[in-house]
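Okay, here we've got a single chain as structure tokens, the form predicted alone, with questions on binding and movement later.
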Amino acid sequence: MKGLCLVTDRALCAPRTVEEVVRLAVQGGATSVQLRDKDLPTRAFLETAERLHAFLRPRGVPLIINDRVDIALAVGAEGIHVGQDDLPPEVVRRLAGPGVLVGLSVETWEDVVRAQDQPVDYLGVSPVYGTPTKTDTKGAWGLDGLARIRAFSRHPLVAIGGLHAGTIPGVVQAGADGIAVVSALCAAPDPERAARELAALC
């Protein structure tokens, strides 16, 4: 999970559609896309995932589905990302099989320690900095926290939370393998240009 990951936010994308922002971000250099939408009805979520996968798959860009294992399996997505209150990684792995990426958000040191023995492909370090797009977390890790996880964990690390052109270089230096952003792309006046600038820093 190296490079720049776009995590979608339908409200922040408006007036553009999620599909349009994804297209522009990938043209700019985003290397993976996580479809996250806690409020979309199941049928609409599935249809959005199908459209995104039809665009991303020929371009070799993995589609990661947030939380919804059923949707990920239905569309054949390349990955599933879960939080601490979602299905346990062991269950996700059992349902999805060995060929699907499984990502896990870690919000406390206990989460990081527990993840050492869990069947995940990367950790989402969340949030590195405080962010209005993710308010259900237990506090920001900061660069020191990220570096501590890097020194301990066997997993690749994807940093998220308050990341933009001004903060990404320090986050990469602290040990992040990948960078995930929401508002820096979804709310950007020009998502393609923003993705190009951010991808160059990853």
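For every residue, the number given is its place in the sequence shown, counted from 1. From a predicted model like this one, the values you see are computed outputs, not experimental measurements.
The same protein also exists as the form predicted in complex with another copy of the chain; that form is not shown, yet it is the one meant from here on.
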{"query": "Triplet P41, R68 and P88 all within 4.5 Å of another copy of the chain in the predicted bound form via a heavy atom", "finding": "yes"}
{"query": "4.5 Å heavy atom contact, L95 and another copy of the chain in the predicted bound form", "finding": "yes"}
{"query": "Partner contact for L101 in the predicted bound form: another copy of the chain, 4.5 angstroms, heavy atom", "finding": "no"}
{"query": "Partner contact for P119 in the predicted bound form: another copy of the chain, 4.5 angstroms, heavy atom", "finding": "no"}
{"query": "Any non-hydrogen atom of L46 within 4.5 angstroms of another copy of the chain in the predicted bound form", "finding": "yes"}
